[in-house]
Ligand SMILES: Cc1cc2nc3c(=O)[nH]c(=O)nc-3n(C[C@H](O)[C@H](O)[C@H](O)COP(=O)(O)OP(=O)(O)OC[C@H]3O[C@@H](n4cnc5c(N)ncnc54)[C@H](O)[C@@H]3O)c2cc1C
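One chain comes next, on its own, written as structure tokens: the form predicted alone.
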Amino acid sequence: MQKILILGGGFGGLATANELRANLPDASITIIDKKDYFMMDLVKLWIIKGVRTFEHSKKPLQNITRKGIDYVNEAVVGIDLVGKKVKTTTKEFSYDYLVVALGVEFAPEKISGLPENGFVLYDLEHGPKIRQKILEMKSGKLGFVITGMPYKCPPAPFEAALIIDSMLKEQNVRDKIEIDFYSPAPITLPAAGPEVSQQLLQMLLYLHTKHQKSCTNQV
């Protein structure tokens, strides 16, 4: 029996496991992930908006066992490519084929001033904090910063900007808050192409210039 190890139970790992199970019914397939749940990343924006909570959005990774796929809830601490072994916190697994889909680790400390002065949009723990901060804002400036290319889920910062814009309008404080957007990309959303990127840019420019004028008129 072929042993297939998949490191990571996110979109990539789960999609791979399901595809392999459908095409290799006799293979042994195991997913290893330090998290015990799966949640679509777009839900983080809903948490900021306040229409969804984390507890009502996550699904247990253990459910994957119903499809004949094993699941191990441990962190991966070592990969031996020569010996074809993977070591977790307390166990060791051999494999015939290995899929690495561990995603990314956030490192905000590598950007000077970020941990003390900002939030990471993609960090699940920061979602409620971002929401609370937005609800407390009465005036000032809000900045969205894409710090490098490539980055996780390209549309997310733009979606967040539009969602937070709507939240500030609902609180009747939008005209007192300036929103700035910073990106190193030549166009707003390279993956979507120049036409969509231009449309998105026009939306952002409209939000910025319209309310910047309002803020200036109140000074």
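All residue numbers refer to positions in the sequence shown, first residue = 1. What you are looking at is a predicted structure, and each value in this text was computed from that prediction instead of being measured.
Same protein, other form: the form predicted together with this ligand, not shown, and the subject of what follows.
At the 4.5 Å threshold, heavy atoms of residue 67 stay clear of this ligand in the predicted complex, well away from it. Within this chain, residue 169 is remote from the site of this ligand in the predicted complex, having no heavy atom within 4.5 Å. Contact annotation for residue 35: at least one heavy atom lies within 4.5 Å of this ligand in the predicted complex. For residue 156, a non-hydrogen atom is located within 4.5 Å of this ligand in the predicted complex, even though that partner is not displayed. This chain is displayed alone, yet in the predicted complex one of 114, 145, 75, 149 has a heavy atom within 4.5 Å of this ligand; that residue is 75. Here the chain stands alone, but in the predicted complex its contact with this ligand, taken as any heavy atom within 4.5 Å, falls in 39-47 among 52-60, 172-180, 188-196, 39-47. Along 84-108, a non-hydrogen atom within 4.5 Å of this ligand in the predicted complex is carried by 101, 102, 103, 105, in order along the sequence.
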